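The form predicted alone is given below as one chain in structure tokens.
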């Protein structure tokens, strides 16, 4: 495992909650950001979206406000997704937003808007590029099923493509001020990526047809460039270059415990969607409800991770009402309960959380937060906390929660039902008007 330097993750693991934004030409067909792959669309047939791209309702200040109101402290925007379309005025391709009818550097406006709200800036850059003439056709490429696919790779040169990436990353990390996160996506060597394995199973005769890995990206040169341009930047772990990333990035699932590498806890970020896709998908029906979304945030932080939730703005440039409703639900809950998220992580191992609860813990303030995922009846028992709780209150309104504690020998009749070594919290019969109520414990 190489040593490629490390960024500053102190703010990252404190802030815990971010917004992912997937936006590109795929917002116009509105059938998933992988539409070129799924429908095997050629460059020529995909060109119509480029020729007509003109998001007249684009308002990055509204995006930034929605993120800020939701309690999100950082964001990551797709500067270039797998389709190859660039959201900034790059010098290295004509396939860029300033050549569309829209005609403006959208990335500049987005970065400025989020930075004005005090939100940390992150840039996503796809290692994959289905439009670039040097990017070779492989099992994920839209042209993979053409009968002359092998001929299509004649003259293509991944070394030239790797240099193209370095040139573009230099622009991104030089021309837009301090960048806090660099999110590369993604490597897929044969046998180590779901898309490639599905391809192999469906087409056994093509198993020798490789995907792409760190060697293709010239990942070592790329990460050294990134570290030289922005030494404090946080980089993800998808370059297929062990030791190059600062964070681990599980996608579309929630780990059931603190993520570790070689047995040691690491900084990690779960990247998740409100629905089943990342780009705007008009007909997608698998939307998570507000409670699920809030639960995901709590689950991630209680296991030592961050959560970055994705929005896919429409072809006209606004965040649709379904996503805005979920963002508003986050905002309503975070307004009163964000102390259980910011600066928090897993509780000490000596304090196991009861069934239907999640703990988060702030080591600086020594506050333990009890998230009541399902509302109990009248009381809840917390193991191993006897003699350790100074005071308890609901976090949302600061109202006292009575604590029963046998170790204090106060009112033995009330304490009789509390197991040895535990404390019991007296709760109202009716659940407070919070999606997930939180109790703040002040520890001795």
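Residue numbers count along the first chain shown, from 1. Quantities reported herein were computed from a predicted structural model and do not represent experimental measurements.
Omitted from view is the form predicted in complex with a small molecule, to which the following refers.
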Report whether all of 70, 117 and 330 sit within 4.5 Å of the small molecule in the predicted bound form, measuring from non-hydrogen atoms. no
Is the gap between residue 185 and the small molecule in the predicted bound form 4.5 Å or less for some heavy atom pair? yes
Answer yes if any heavy atom of residue 121 is within 4.5 Å of a heavy atom of the small molecule in the predicted bound form; otherwise answer no. no
Check residue 34 for me: does it contact the small molecule in the predicted bound form (non-hydrogen atoms, 4.5 angstroms)? yes
Verify the contact flag for residue 271: yes if a non-hydrogen atom of it lies within 4.5 Å of a non-hydrogen atom of the small molecule in the predicted bound form, no if not. yes
In the predicted bound form, which of the listed residues (371, 82, 300, 212) lies with a heavy atom within 4.5 Å of the small molecule? 82
Tell me, which of 289, 232, 251, 112 has a heavy atom within 4.5 angstroms of the small molecule in the predicted bound form? 251
Look at the stretches 374 to 382, 50 to 58, 26 to 34, 388 to 396 and give the one with heavy atoms within 4.5 Å of the small molecule in the predicted bound form. 26 to 34
